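One chain follows as structure tokens, the form predicted alone.
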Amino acid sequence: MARVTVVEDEVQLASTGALRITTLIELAIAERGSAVLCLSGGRTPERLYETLADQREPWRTRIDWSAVHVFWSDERHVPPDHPDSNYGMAYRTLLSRVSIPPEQIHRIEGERPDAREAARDYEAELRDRTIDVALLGIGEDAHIASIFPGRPLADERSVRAAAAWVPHLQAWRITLTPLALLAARGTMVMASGPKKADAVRAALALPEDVTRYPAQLLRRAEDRVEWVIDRAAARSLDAPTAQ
């Protein structure tokens, strides 16, 4: 089963997450000569990226960025310079501040007019790679990447990336599928704040209903998944599990 680490606050969450991500990348490089890192969007990962790139912290120099290939778990259907771009956020806060070769940054081309075409090309780029370290957040509705409740993508087994129309957002998303995410050698899910407490409880403790709670998909990866959450996000874990 998944490992769960509970920390006090967002500051400790960022430092704990940075230590874990750094350790997993170092292990991958030591074992295979390179590491495939999959990044996520969201406010909690943003703080983590800033910590990883901070010159006052040890992580920036511990990671051999020349041996790291970076992918994304999902992307909005927007250009890379758009404020909502997951790539744009990661580039501003982390990738532009470390010595990673540009050709090792594999972004999803969210600016393409056809999101399905962008997904097909990303699937081809990722097809022969296994993710060493996947970083994920969780939405208040228990979605992961852009796998949302009630969407057929939650059961996708044929491709590693796909385009998904999200009705409540009236927008396309390009996302890795369970096939890619569950194959990752190591996954860290981060969550902070009381608004995420019910989603964390659903993912970890409620009876399985993947269509309703997509984050429950990660149970299938068992101990290859580690949850790092702050105390506010963990507050519902001891609640009764009956519905």
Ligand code: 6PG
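From 1 onward, residues are counted along the sequence shown. Here the structure is a predicted model, which means the values were calculated and not measured.
This next part talks about the form predicted together with 6-phosphogluconic acid (6PG), which is not shown.
This chain is displayed without 6-phosphogluconic acid (6PG), yet in the predicted bound form the stretch 67-75 from 105-113, 67-75, 126-134, 157-165 comes within 4.5 Å of it by heavy atoms.
Though the partner is left out of this view, P194 does not reach within 4.5 Å of 6-phosphogluconic acid (6PG) in the predicted bound form, counting heavy atoms only. At the 4.5 Å threshold, heavy atoms of G186 stay clear of 6-phosphogluconic acid (6PG) in the predicted bound form, well away from it. In the predicted bound form, 6-phosphogluconic acid (6PG) lies farther than 4.5 Å from every heavy atom of R151. Mapping the unseen interface onto this chain, G41 counts among the residues with a heavy atom inside 4.5 Å of 6-phosphogluconic acid (6PG) in the predicted bound form.
Taking 6-phosphogluconic acid (6PG) as it sits in the predicted bound form, the stretch 123-140 comes within 4.5 angstroms of it through a non-hydrogen atom at G137, I138, G139.
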